[in-house]
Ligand code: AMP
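Have a look below at one chain only, the form predicted alone, in structure tokens format.
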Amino acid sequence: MYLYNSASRRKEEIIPHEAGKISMYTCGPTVYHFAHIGNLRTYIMEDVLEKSLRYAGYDVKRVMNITDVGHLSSDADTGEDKMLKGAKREKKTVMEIAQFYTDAFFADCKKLNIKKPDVVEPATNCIAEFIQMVEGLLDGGYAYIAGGNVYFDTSKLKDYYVFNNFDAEDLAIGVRDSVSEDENKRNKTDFVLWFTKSKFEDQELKWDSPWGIGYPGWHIECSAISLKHNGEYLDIHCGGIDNAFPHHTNEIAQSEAYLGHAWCKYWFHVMHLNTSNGKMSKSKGEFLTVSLLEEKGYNPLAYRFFCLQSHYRKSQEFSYEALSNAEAAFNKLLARVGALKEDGEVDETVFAEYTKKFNEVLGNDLNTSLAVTSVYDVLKADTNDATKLALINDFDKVLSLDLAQQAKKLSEKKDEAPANEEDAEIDALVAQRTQARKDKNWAEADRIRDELNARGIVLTDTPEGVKWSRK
């Protein structure tokens, strides 16, 4: 399997430290609010990666943290803790907030068929491990104490900027919030390993440490939790591209300083989901969650299908129109799958041929768009329905679109309400017209509009896309 390694900036063959086994770490959510669908695009792609590795025959151990302390509202180690911010907003304790939004996160993952990692570890479970790692960095001369806090000293490193060749004056690049000067730092790029009460008197979660009562910095959490469960050598570390700097940069710095050797071989970063207004976030525009999509009538798996149609290393633009097009295509695919019969024997030669091709497209930097195309190739294949169904179910181990089950539900729904068949046909025509307009194929768009008009269908443009109604 080949993946693009963000650290080397080239596509590389995955060669794990231990033959046949993959150690994998994914940065988990900061559970102070619901995850928006931009966050969940990253988790969908990480899920596909894990399942692709398993499909290829690897024994995968995937670890994920839950950040329930230590993540400040600025990546520059300034501002209040995000968990404390959530607790104030909802007038609850930090741990009540953490439990509620952890449960909500995994409920969303279940709707999107995102597999729960093998190990899920809340940061608050690992205070002893954080302290041990900070002590080791101090003993090794990679950290210092100033103003009551413990800082990592980036001047001790030969190369701090792993993912991008930043200039020293460009520290603000990649930092989501404004950077305020911390006079305790020896170097502009230094970061906090442990905060004490000298800086944050109102922090709800605090622990005793050799440096006073306080709490861990955000970056130390992922390093220590990965070391605890995956050992000293990590094969693949995943996350959103916004975590590359400073979070993942700082993870590498502290982990390799602590261990004294190279730590993680491959870095897998997922690009942003954008709207027409730019990068999606909880503070900009409509707060787009899985629950909101459901309220608007969308199947969550249509959103997964939407994400799979784009490569993880390309930014994807979300709109309700685009999602509606994806759902229409998804439903048409389900209708074709639902028309297959389970009669006959599986042709093992054909099965082996198509699974080999499917594995190859996944192994070429996780090309999910071509992986979806593989399903259509099977539907067009010159073989019997039993073989097609067996292949579709096999591919779904990775795609996780519940194709056979969703097709059955769609078929049952049509049987219950046959009048909806005409509606589905109109939906498909509207989606085709929308795509024709995107492609600037005005003649085709006009032809479809005229056909709909002749059938008594009125089209209306809305912020959620084109809607239709009968005259």
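Don't overthink the numbering: it's just position in the shown sequence, from 1. Bear in mind the structure is a predicted one, so any value in this text is a computation, not a measurement.
The same protein also has a form predicted together with the ligand, omitted here; what follows describes it.
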Practice problem: Please determine, with the chain shown alone, which of 344-352, 240-248, 256-264, 290-298 has non-hydrogen atoms within 4.5 Å of the ligand in the predicted bound form. | Solution: 240-248
Practice problem: Please run the contact check for His36 against the ligand in the predicted bound form: heavy atoms, 4.5 angstroms, yes or no? | Solution: yes
Quiz item: Does at least one non-hydrogen atom of His71 fall within 4.5 angstroms of the ligand in the predicted bound form?
Solution: yes
Quiz prompt | Close approach of Thr42 to the ligand in the predicted bound form, 4.5 Å, heavy atom | solution = yes
Quiz prompt | Residue contact check: Ala326 to the ligand in the predicted bound form, 4.5 Å heavy atom | solution = no
Practice problem: Please pick, from Met271, Leu84, Val120, Ile145, the one residue with any non-hydrogen atom lying within 4.5 angstroms of the ligand in the predicted bound form. | Solution: Met271
